[in-house]
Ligand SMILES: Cc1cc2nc3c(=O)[nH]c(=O)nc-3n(C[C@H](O)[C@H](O)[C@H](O)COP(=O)(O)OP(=O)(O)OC[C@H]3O[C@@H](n4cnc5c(N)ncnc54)[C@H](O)[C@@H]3O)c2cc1C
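Next up: just one chain, as structure tokens, the form predicted alone.
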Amino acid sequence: MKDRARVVVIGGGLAGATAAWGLARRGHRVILFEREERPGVHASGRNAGMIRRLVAEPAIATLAREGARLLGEPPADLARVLDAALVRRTGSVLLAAPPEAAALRPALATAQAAGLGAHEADPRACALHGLRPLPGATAFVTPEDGVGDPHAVLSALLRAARAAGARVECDAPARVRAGAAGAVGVETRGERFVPADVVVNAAGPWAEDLARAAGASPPPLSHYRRHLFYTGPLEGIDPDAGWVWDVSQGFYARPESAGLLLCACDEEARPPEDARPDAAAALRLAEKAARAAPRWSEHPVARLWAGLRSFAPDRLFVIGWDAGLRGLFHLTALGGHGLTVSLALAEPVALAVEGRTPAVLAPFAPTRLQAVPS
């Protein structure tokens, strides 16, 4: 690819902002188009902000550890545009019954070998925010984990991208189009064609439809709505206590604004959309809380909201070249890991766009799922 390639990024969430920053800081000419009036109004701005290093899937865990490190120790060009720290260290607890604990132990060994203080503990010795672990459950404690501000991270990435020369346009819905001589480009606002050497498809839930409409062969994606609940102020909540996630029962809690942020880890299949809360979601939260966190099962909810998370069939990320349309690079299906891994993706994605795919991205190649058109 050219030393200074023309790159168009579609999508202004964490994935798109990461790509724009990573490419602009390496000297490429970057334009980012965001369909909404401001970036981060969908999944990137509707997550719980939990920074998690202990992940059972090795390929994701590698990026999670590096991404979490970079959030705490941002590169100089990102640090220059920061108003405050991107992450607050609180520690975390993963509760796991024997089957899930067995799956986490290899990840724990890898984390310890990487120098983290992660360890197993008796749940009774941990602050659990009212969660009641299953019999025989183990607590996996990671002192280095914490809570990040998704909006602060996204804003910092976009500011750093602009400082490196990227252009960011909001209220600019875009479509991928083939240009002259097989080149790829983007049509925005119905008439303006922007030629490019590479188009980075970071359109979140709309990534598959966007690519397919251009004649590409994107991997199939599924999208799931998940709800978050804020209890309002509660007595006895330590704002500096870590978050707790019972991975066996599918329930987590973390301190938030003198109360708790709760999630029943619900997954309802939905089409690509601006996710809206389901009126029955609070009832489902209460039903699960009756088992996982009885203390909160009848507590009123002050606020609820919903976000849409996107996954490939194998639940690995989708990062790499389209099998059918030259110049189209996918960066999507980050599931619930987008905030933690975002900074770790900037350099590898930029290198991959330049044609030098790092080993850390190999497990996420779209071609593992794509069928080349006949």
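Residue numbers here begin at 1 and follow the sequence given. Note that this is a predicted model, so its numbers are computed, not measured.
The form predicted in complex with the named molecule exists for this protein as well; it is not shown, and the discussion that follows is about that form.
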Q. Which of these stretches, 279-287, 200-208, 114-122, 76-84, has heavy atoms within 4.5 Å of the named molecule in the predicted complex?
A. 200-208
Q. Taking heavy atoms and a 4.5 Å cut-off, does Pro348 contact the named molecule in the predicted complex?
A. no
**Q.** Non-hydrogen atom contact Ala19 with the named molecule in the predicted complex at 4.5 angstroms
**A.** no
Q) Is the gap between Phe140 and the named molecule in the predicted complex 4.5 Å or less for some heavy atom pair? A) no
Q.
Under a 4.5 Å heavy atom criterion, is Arg309 part of the interface with the named molecule in the predicted complex?
A. yes
Q: Using heavy atoms only and a 4.5 Å cut-off, determine which of His299, Arg159, Arg177, Arg226 is in contact with the named molecule in the predicted complex.
A: Arg226
Q. Taking the named molecule in the predicted complex as the reference, which of Gly324, Gly335, Gly27, Pro313 has a non-hydrogen atom within 4.5 Å?
A. Gly335
Q: Can you tell me which bits of 234-260 touch the named molecule in the predicted complex, meaning any heavy atom within 4.5 Å?
A: Tyr252
